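Read the single chain below, which is given as structure tokens and is the form predicted on its own.
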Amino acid sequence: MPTYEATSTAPVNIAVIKYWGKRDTALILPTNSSLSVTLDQDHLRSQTTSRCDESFEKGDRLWLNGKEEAVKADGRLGVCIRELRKMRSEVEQGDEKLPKLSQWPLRIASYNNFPTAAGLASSASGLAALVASLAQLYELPQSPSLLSCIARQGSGSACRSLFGGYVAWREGTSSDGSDSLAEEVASRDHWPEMHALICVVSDKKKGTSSTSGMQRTVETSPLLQHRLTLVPGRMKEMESAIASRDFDAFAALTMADSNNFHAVCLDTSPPIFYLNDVSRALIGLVEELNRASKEATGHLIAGYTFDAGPNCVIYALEGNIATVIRAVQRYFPTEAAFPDPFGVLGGKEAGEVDVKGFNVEWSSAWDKGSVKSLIHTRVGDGPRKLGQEESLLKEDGTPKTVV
């Protein structure tokens, strides 16, 4: 009997125009559109294997990073599985010769190669990998944009992880969510010089989840209503900046929207504090780098953004990323050695910040480990289809041990 199985990976995406707030909590319809950069899966990814077999004991089972998670029919995992099963059933109805995969129990294993629930968009990549894997298993004909409507119901930001490059999630207007979907606004190859440095300030689970945090914001923050008037214009400006590869505009918008998002969190009752002292100091470093660079060259050198967590993501172009890394290393020495995956430092340790006019006394160095580690990555591609040799499941449908 053939084995019906599929393995896919999906990337992390980091928004530069943030999604925060739902107008429909069941369908996960956002209060505003958002836009993100997909990061390279060679450094940050979720990998998922899905298998169906009529001999499996009744009921679906799923393991995340080796730990079994309950698949509740009305939970976000259950909703995604149900909707994809429905699509497969419709395919089967059109061709009675097809095996009835939609009727068979599922076994699913998923692994992240980065910390879960620490503000690094693990749910987005994980749900996107689940949708990509099941769509592959079920041989579904739907486009990535249509599949993004399913991923959205599992985790809002997951819809953007079904694409590479630069991705917009359109808020839509239909009450059924049919037009609230993701689409690529520019490919990775359009602006491949975009790099990102993730400063891991904490790899622990955050105190306030995104789901509960944004609902409190919708219910209590007057400032959110002002934010919603700003986002449509920012979306247009960001798409224009990406189209023209205007890093100054891209960085300025990215930082402004991040600050506005966290201001809205502070305006929530009770206030939500995702940033900590190290987060704010990293903002200060980027601001000083940009001040000096602007005076010396007329251009910005970097742009910071923070999702719902303390970890800082700094965008910079390929020619400037080494300067940013050295500056972070000088003031925030890490616990873990920096792997330098692209060899941009040339084996040199942190030293003088090579930006004319940079004020080296803007801050004293923080204690070692204030930033736990640095992840250097770049703009990346969308979900990847892997071969059977990359399966995460044993023959009996239980997860393999991943080292």
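Small disclaimer: the values here were computed from a predicted structure and weren't measured. Each residue number is its position in the shown sequence, starting from 1.
Below: the form predicted in complex with another copy of the chain, not depicted.
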Another copy of the chain contact in the model of the complex: N259, any heavy atom under 4.5 Å: yes
query: in the model of the complex, does E90 have a heavy atom within 4.5 Å of another copy of the chain?
result: no
- prompt: Does V264 make contact with another copy of the chain in the model of the complex, using a 4.5 Å heavy atom cut-off?
  reply: yes
message: Given that another copy of the chain is not shown alongside this chain, does R107 nevertheless sit within 4.5 Å of it in the model of the complex, heavy atom to heavy atom?
response: no
- request: Work out which of the listed stretches, 238 to 246, 319 to 327, 275 to 283, 178 to 186, brings a heavy atom within 4.5 angstroms of another copy of the chain in the model of the complex.
  value: 275 to 283
- request: With another copy of the chain left out of view, choose which of A296, L230, V71, L98 has a non-hydrogen atom within 4.5 angstroms of it in the model of the complex.
  value: L230
- line: Heavy atom within 4.5 Å of another copy of the chain in the model of the complex, from candidates Y304, F250, Y166, F332, belongs to Y304
query: Looking at another copy of the chain in the model of the complex, do all three of H226, R234 and E287 come within 4.5 Å of it through at least one heavy atom?
result: yes
